[in-house]
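Let's start with one chain on its own, the form predicted on its own, as structure tokens.
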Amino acid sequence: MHNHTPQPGQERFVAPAIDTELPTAVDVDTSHPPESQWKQAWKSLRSNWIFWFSAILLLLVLVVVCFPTLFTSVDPRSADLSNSLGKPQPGHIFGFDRQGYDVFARTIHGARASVIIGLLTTLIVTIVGLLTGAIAGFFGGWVDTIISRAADIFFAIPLLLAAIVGLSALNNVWPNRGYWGGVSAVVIALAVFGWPQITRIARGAVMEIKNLEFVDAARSLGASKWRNLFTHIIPNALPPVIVTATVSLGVYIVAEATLSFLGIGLPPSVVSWGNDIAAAQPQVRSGDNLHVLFFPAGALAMTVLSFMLLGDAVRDALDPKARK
């Protein structure tokens, strides 16, 4: 038998027991289901004045694009040289350009081509980038390697420079383009080199989401890879893609105006903000009659600013880190 009597200096201290009342549990309301990410984002957007400011401006732009005759009955292609560089007057509140076109009518009608190009390019780029990025991030391996390296090659080429080269080649092959031909050529040139950014973002989001528990739960219940990808993973990877697409829309509108300003975008017969800004170059150099430049450039700047502000508001609403 061993003697367990503690030696001097080895006594153990035992704290006296104190009865402590446990705090009462907080009642949790289980009568309502938890809010989805989209509902939480909408609540955040409703309280953001930047969202409402940009949404009102964009709603005005969309009304102008869809119903330009509500704002002016003047034909934007009707020119009268006797009114060349005429000042604003009743019925022509923005004055006239060098060719005698009504600046207000051309500013209103020019919104359609610029906004349509931005919307179509963003739609194509988002679909292609989301699909390629989701497939690369979900399957990995050689599929990810091929898609990622292809995206890196296209991403390394500056968008505007690539569009200039592409449109120059299209102008040689397709010289006489009408309205929709000119719009299609610009959309193709921008979309071919614009998808890698969305691909990278979608790939990163999918790689993060595919390892979460709800994906494993769906797989254990018998969901196939493709069903898991399109039903569970892609919908949860949309927030960063939507934010990037919203901001990119404004970038593509500026790119179209830049290409038209350089003379290789839309044909001169198409009424657009870029063509009107290009036609105002003599006034920029002389410093006179700057109203010819100010109004189409101001409309372009307001539209792009609205999309940028909307993108910032959506990012703050959909980014959990920003909400915290």
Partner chain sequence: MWRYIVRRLLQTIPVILGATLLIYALVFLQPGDPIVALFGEKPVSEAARAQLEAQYNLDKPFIVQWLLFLKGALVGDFGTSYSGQPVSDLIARSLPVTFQLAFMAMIIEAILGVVAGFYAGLRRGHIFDSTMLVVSLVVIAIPIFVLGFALQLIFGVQLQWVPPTVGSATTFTNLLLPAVVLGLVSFAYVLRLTRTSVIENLTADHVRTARAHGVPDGVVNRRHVLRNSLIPVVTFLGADLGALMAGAVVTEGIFNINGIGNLAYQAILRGENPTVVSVVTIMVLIYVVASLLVDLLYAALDPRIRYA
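Positions refer to the first chain, counted from 1. Nothing here was measured: the structure is a model prediction, and the numbers come from that model.
Although not depicted, the form predicted together with the partner chain is the subject of the following passage.
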property	result
Contact at 154, 173 and 297 by the partner chain in the predicted complex, all three, heavy atom at most 4.5 Å	yes
Sole residue of 242, 160, 124, 143 within 4.5 Å of the partner chain in the predicted complex, by heavy atom	160
Contact label in the predicted complex: residue 200 to the partner chain, heavy atom within 4.5 Å	yes
Distance check, residue 254 to the partner chain in the predicted complex, heavy atom within 4.5 Å	yes
Distance check, residue 48 to the partner chain in the predicted complex, heavy atom within 4.5 Å	no
Contact flag, residue 293 vs the partner chain in the predicted complex, heavy atom cut 4.5 Å	yes
Stretch from 160 to 168, 214 to 222, 68 to 76, 109 to 117 whose residues place a heavy atom within 4.5 Å of the partner chain in the predicted complex	160 to 168
Heavy atom contacts to the partner chain in the predicted complex at 4.5 Å, residues of 290 to 316 in sequence order	290, 293, 297, 300, 301, 304, 305, 308, 309, 312, 315
